[in-house]
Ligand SMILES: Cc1cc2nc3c(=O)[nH]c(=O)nc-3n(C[C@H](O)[C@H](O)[C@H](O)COP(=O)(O)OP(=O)(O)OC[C@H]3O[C@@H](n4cnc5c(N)ncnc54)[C@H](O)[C@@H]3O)c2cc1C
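A single chain, nothing else alongside it, follows as C-alpha cells in the form predicted on its own.
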C-alpha cells in the first residue's frame, strides 16, 4: 500500500480526521426537515458471529447540525516551547492538526514541565478547549493555583466540533519533520493513552473502546487514487504497535456488508460532550478558576496577574501571536440523532461514521480543496450526500 494511501486510511478513514485539534468551527443551523420516504432497514445481524450490526437510521431529516472546522496544522508539528514576552513567560501549546484531543494529556504534560521550570507558583491558561482544559487540570493537580482565561467555554469552544476518535498522528507534521518529532510524539502519545485508559468506566463514558469496519470494493492497496492537494504527513503509528489492537481482515462474504473486502478495527472514542464536562467539573472541583476574557494582542497578556502563562489558543494563535506557520485544513462533519444501539464505526473511501453518544458523526472523506482553506461556511449538500451513501449501504445489508 503506497504511503499516502496508508496515511489517509490509518489517520483519516479508519478513525476519522479529527481533531482534535479541530478548531475555528462554524455550525450551520438546521433547517426544517423536508418530509421524505425512509427506507425499511434490515434487522440487526451478526458479523462473522462476532458483533451485532444495528442498522443506522441514515436520512437527512435526522441531521441535527453541520460543522466546519479548520485543523491547525504546522509542518514542524505542535508548538510546545517557552517564550519570554515582556514580564511574562508564555509556554505555547498549540498546532496539533487533527490530533488535539488524542495528544492533549501528553502535550499538556510537556507544557506544564516548562511552566514549572520558571519557578512560578500561579499559572494562567489561555483557552478552554482540549489543550486548555488538560493543561489547567494537570497544573491544578500539581498544586498550582490556576485560572483559565477564555473567550468562550464548552460547549461553545471549537474543540467541541472534533470527531472524537483516537488519532494521535492525524496531520501532526509533514513527512520532512517526521524524524525530528518522533521521540516527542511517542512520549506525548503514551502519556495521553495512559491517562485516557484511567478514564474508562467513568459515568457518562467520556472515553470508551469501539470496534469499526473499513469497507472496500477493491483489495487493500488497490483503492481509488487519493487527493493530491495535501502534503505527505508524518506517520508514527508503527512506533506504538502495543497501544491499539491490530485490524483484522474478515473473510469475503462473512459479513452483512455488500463490499467484499472488510477489515475490523478497534479504537478509542471520546464522547466529547461528556469528556469536556468531566474535565471542567474536575477542574472547578479542584479549586480552579475561570475568567471570561478575550485577547486580540499579546500585549494584553501583560495585565494578567500570573507571571507564567500556558497558551492553548489552537488555530486562534495564528492571529493572536501572528504565527503564519499555522495552516488551516478544513474539515466538515454532520451529526445525526443519537442511536444507542449503533455501537460500531464505519468507513469507506467516501465517508466515515463514528457512534458517539451525543450523535452519530458523519464526515466526507477524500474530498479536495481543504488544505490552507480557512472558509468555515458549511456545505450542507456534501454532508447530505454522505448520509445518503450510508442510507444506501444500510438497504444493501445482507440477511444473516
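No experiment lies behind these values; they were computed from the predicted model shown. Positions refer to the first chain, counted from 1.
Beyond what is shown, the protein has a form predicted together with the named molecule; the following relates to that form.
Among residues of the shown chain, residue 293 is one whose heavy atoms approach the named molecule to within 4.5 Å in the predicted bound form. The named molecule is not drawn, but in the predicted bound form it has a heavy atom within 4.5 Å of residue 151. Within this chain, residue 124 is remote from the site of the named molecule in the predicted bound form, having no heavy atom within 4.5 Å.
Residue 320 belongs to the set of residues with a heavy atom inside 4.5 Å of the named molecule in the predicted bound form.
This chain is displayed without the named molecule, yet in the predicted bound form the stretch 154-162 from 154-162, 242-250, 112-120, 83-91 comes within 4.5 Å of it by heavy atoms.
At a distance of at most 4.5 angstroms from the named molecule in the predicted bound form, none of the three residues 78, 106 and 234 contributes a non-hydrogen atom. Annotation for 83-117: interface residues with the named molecule in the predicted bound form are 96, 97, 98, 99, 100, 101, 102 [heavy atom within 4.5 Å].
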